[in-house]
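Let's start with one chain on its own, the form predicted on its own, as structure tokens.
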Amino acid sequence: MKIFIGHLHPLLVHLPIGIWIIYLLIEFLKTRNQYKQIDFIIKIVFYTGAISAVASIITGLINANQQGYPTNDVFNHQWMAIGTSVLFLIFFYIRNHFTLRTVLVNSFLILLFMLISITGHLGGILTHGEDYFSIQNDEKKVIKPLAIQHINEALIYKDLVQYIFDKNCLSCHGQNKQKGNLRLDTYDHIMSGGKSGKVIQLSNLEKSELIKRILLDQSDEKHMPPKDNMQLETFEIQMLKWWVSNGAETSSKVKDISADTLMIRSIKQFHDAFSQINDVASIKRPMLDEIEANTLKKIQSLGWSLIPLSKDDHYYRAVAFNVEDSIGNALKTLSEISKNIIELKLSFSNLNDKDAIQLSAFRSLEKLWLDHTLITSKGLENLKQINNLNYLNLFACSINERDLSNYSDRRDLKLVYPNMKDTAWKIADTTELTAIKKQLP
């Protein structure tokens, strides 16, 4: 019952603010002779504001104790709210028992309005962090690319696990805000846990609260991240489970810990989704308009991961690892923003020649991953009009040397293909794909 009462605070907190602003307006108008007749409604408005303020303060105190907000921020917000409410009572009493000069009344009204604004601002800091009221927050959040070229040399915690936390968790569990007294911005804070105790139990997934919260259904209020926030990809969850299962320590590299087929695939998916080839930023492309939020939401709801490749020009890498619908249908929907897609990863999908018809719509593509799909030479015909393509991965596909004859004169095209003599291999691709080939069934 106490938890329910605390959760009423977001509902009630705006009532006294709105009502008391109306009260201040009425008091201001009352200083003018032509509005003297509105005096009779002042008491109704004031008492309504006072009752809602008391209810808001009580539920706010309960909610703060449950949520584990930063102590200093809670202290500042709650006492500013209480102090402002007391000053409203004092002003109301003086206004009804003494005759005040207009200039004094107006000064008091300005002071009370400022106090309401400060109280609301402190509430915003409490729930959204110190920098919530800044122009910087108007900018679209961009995922910082993973600065790793050779995934096997990456430190599991520093380069991979902390990257996941930084990308998904720090808005609620960072330096400026810690729901449940939990910080996930450093290793020591992660291992210290939060209000409910430790969230990581070494080598024990079943007792690790962090893993349990991630695996809860999104409809559960304890699920993390909250359902309205960006959710973890399946391969990110596998990465966290792998890290905890192997002792959740800081020094091991990817190559140091044994991994089964599922984990090897997840590591590759993680690297493919978030790494950025160094020359992406240097390519000059025309500026595109920002994609509408509803369009992005519709595409992402199909399972597409859309990773911005730069901050301002709205080009994306699209990854199909979590697409559950027909890949052909998913590509048709994605084609609504085809001009924005310059990298497309269809690795390990069920793409076939019929689905590949949709690829012809993606004329802006520069890099395309078709490895471990069902595409054949017939499906490759749909790539002829993609003139900017400079990287094509056809590893583990039903394609032979003759099928690639159409690409023999494409000196700018780097092919990844099982026969070494037929391809221009990249070192990173060789390392990753050889490892996967040995361990996949």
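Not measured: the values here are computed from a predicted model. So that there is no doubt, residue numbering starts at 1 and follows the sequence shown.
A second form of this protein, the form predicted in complex with heme C (HEC), is not displayed here; the remarks below concern that form.
Chemist: Given a 4.5 Å cut-off on heavy atoms, tell me which of 327-335, 213-221, 359-367, 98-106 is the interface stretch with heme C (HEC) in the model of the complex.
Modeler: Every other range fails; the passing one is 213-221.
Chemist: Whether P226 contacts heme C (HEC) in the model of the complex should be assessed with a 4.5 Å heavy atom distance threshold; does it?
Modeler: Contact with heme C (HEC), yes.
Chemist: Counting only non-hydrogen atoms and a 4.5 angstroms cut-off, does S117 reach heme C (HEC) in the model of the complex?
Modeler: Result no; S117 lies far from heme C (HEC) in the model of the complex.
Chemist: How about V199 - does it come within 4.5 Å of heme C (HEC) in the model of the complex, if we only consider non-hydrogen atoms?
Modeler: Yes, V199 lies within 4.5 Å of heme C (HEC) in the model of the complex.
Chemist: Quick one: does G180 come within 4.5 Å of heme C (HEC) in the model of the complex, counting heavy atoms only?
Modeler: Looking in the model of the complex, residue contacts with heme C (HEC) include G180, since a heavy atom lies within 4.5 Å.
Chemist: Does each of G18, L24 and A55 have at least one heavy atom within 4.5 Å of heme C (HEC) in the model of the complex?
Modeler: Looking in the model of the complex, the three residues G18, L24 and A55 all stay beyond 4.5 Å of heme C (HEC) (heavy atoms).
Chemist: Consider the chain as shown here, without its partner, and state which of I125, I82, L232, I264 has a heavy atom within 4.5 Å of heme C (HEC) in the model of the complex.
Modeler: The option sitting close enough to the partner is L232.
Chemist: Here the chain is shown alone; which of L155, L205, L146, C169 has a heavy atom within 4.5 Å of heme C (HEC) in the model of the complex?
Modeler: Contact check passes for C169.
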